[in-house]
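So this first bit is one chain, no partners, the form predicted alone, shown in structure tokens.
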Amino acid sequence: MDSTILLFLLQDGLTNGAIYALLGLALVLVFAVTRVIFVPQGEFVAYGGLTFALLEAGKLPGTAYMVVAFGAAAFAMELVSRRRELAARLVAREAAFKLGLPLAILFLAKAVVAAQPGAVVNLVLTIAIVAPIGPYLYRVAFQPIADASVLVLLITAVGVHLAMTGIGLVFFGAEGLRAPPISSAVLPVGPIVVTGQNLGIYAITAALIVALYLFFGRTITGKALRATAINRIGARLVGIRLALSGRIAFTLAAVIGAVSGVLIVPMTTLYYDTGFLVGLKGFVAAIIGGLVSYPLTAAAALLVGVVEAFASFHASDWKEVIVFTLLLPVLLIRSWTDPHSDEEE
């Protein structure tokens, strides 16, 4: 292996690692706030990438109708759970958020498809379409069992993943999609060439990480989420609504997944079920970070990306095995150093 190949592999690894870092941070965020190991995070990647690709092709994405279906399910769940305290004001508020907003997004998507305004508007619209699915999903699947054990929440997350994969097949079909790159710029750096797509991934990833840092450190809502992550009972005692914290966490995870999908889809063909494998690699980074440390998760994600790139070059048939093997020493070390206690105790 010469230095040029080494640099190309490093570039590829850092590019993939930046995506895994976003997914890992989303997984840590959701787990810290809700105790849900968010297996369906990869589905938001697929939904975001496929939505953006269809918008770029001038077609109305299936997610524009999907968000309406999710909103209607969340609205029905809300009415059933609060049937003893229903009032006109409550019904109107819930209908506005869970029915009016998705319908407005659907009509906006139709208008944008007809106008074909360009990639930037399509990116913003993609986030607007996919982001509400997060809180609707939380309301339907996780909020009713928010106080259950981590194992029950994990089993539910696996079931939600399987359901969302099937829903993706219904709304997107089995054909793969690919979008044009966000930027066609080319920057020569020594013997290698850095594309505008790579630069966009680095810039957007860095911007999202900084935005999350400022959100958690400077805003009341972010501090409330941190308090919920540290002590759920204490947060409830001081007036923080755990259900609202869960919805915000799922919304942020959906936004991060949608952005990740937009960044990936110009580089590879996405299918309705592609997100699961991508999400698993973000999960590897999150586990190495202990599902608590954001900086360690980001660093681990870069390591996962680099290891995957070198494994693809030396042993492409075994690259997935090599990446997931990174978990073994981490799990062994944690098993030896952390005292075990049953959750029931």
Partner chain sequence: MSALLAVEHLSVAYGRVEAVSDVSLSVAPGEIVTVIGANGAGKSTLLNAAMGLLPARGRVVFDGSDIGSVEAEDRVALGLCLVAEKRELFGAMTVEDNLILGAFRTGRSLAAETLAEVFARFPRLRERRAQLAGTLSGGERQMLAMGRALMSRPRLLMLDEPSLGLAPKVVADIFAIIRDLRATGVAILLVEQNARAALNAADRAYVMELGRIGLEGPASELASDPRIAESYLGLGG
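No experiment lies behind these values; they were computed from the predicted model shown. Positions refer to the first chain, counted from 1.
The form predicted together with its partner chain is left out here; the points below concern that form.
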Discussion item. Please determine whether each residue of 81, 83 and 90 possesses a non-hydrogen atom within 4.5 angstroms of its partner chain in the model of the complex.
Written reply: no
Worksheet item: Wondering, does residue 190 line up within 4.5 Å of its partner chain in the model of the complex on heavy atoms?
Response: no
Worksheet item: Is residue 226 one of the residues lying within 4.5 Å of its partner chain in the model of the complex, judged by heavy atom distances?
Response: yes
Worksheet item: Is the gap between residue 208 and its partner chain in the model of the complex 4.5 Å or less for some heavy atom pair?
Response: no
Discussion item. Is residue 238 part of the interface with its partner chain in the model of the complex - any heavy atom within 4.5 Å?
Written reply: yes
Fill in: Position in contact with its partner chain when the complex is considered in the model of the complex, options 231, 268, 116, 184, heavy atoms within 4.5 Å
231
Fill in: Answer option from 203, 111, 220, 76, heavy atom within 4.5 Å of its partner chain in the model of the complex
220
Discussion item. Only one of 241-249, 255-263, 120-128, 190-198 has heavy atoms within 4.5 Å of its partner chain in the model of the complex; I'd like to know which.
Written reply: 241-249
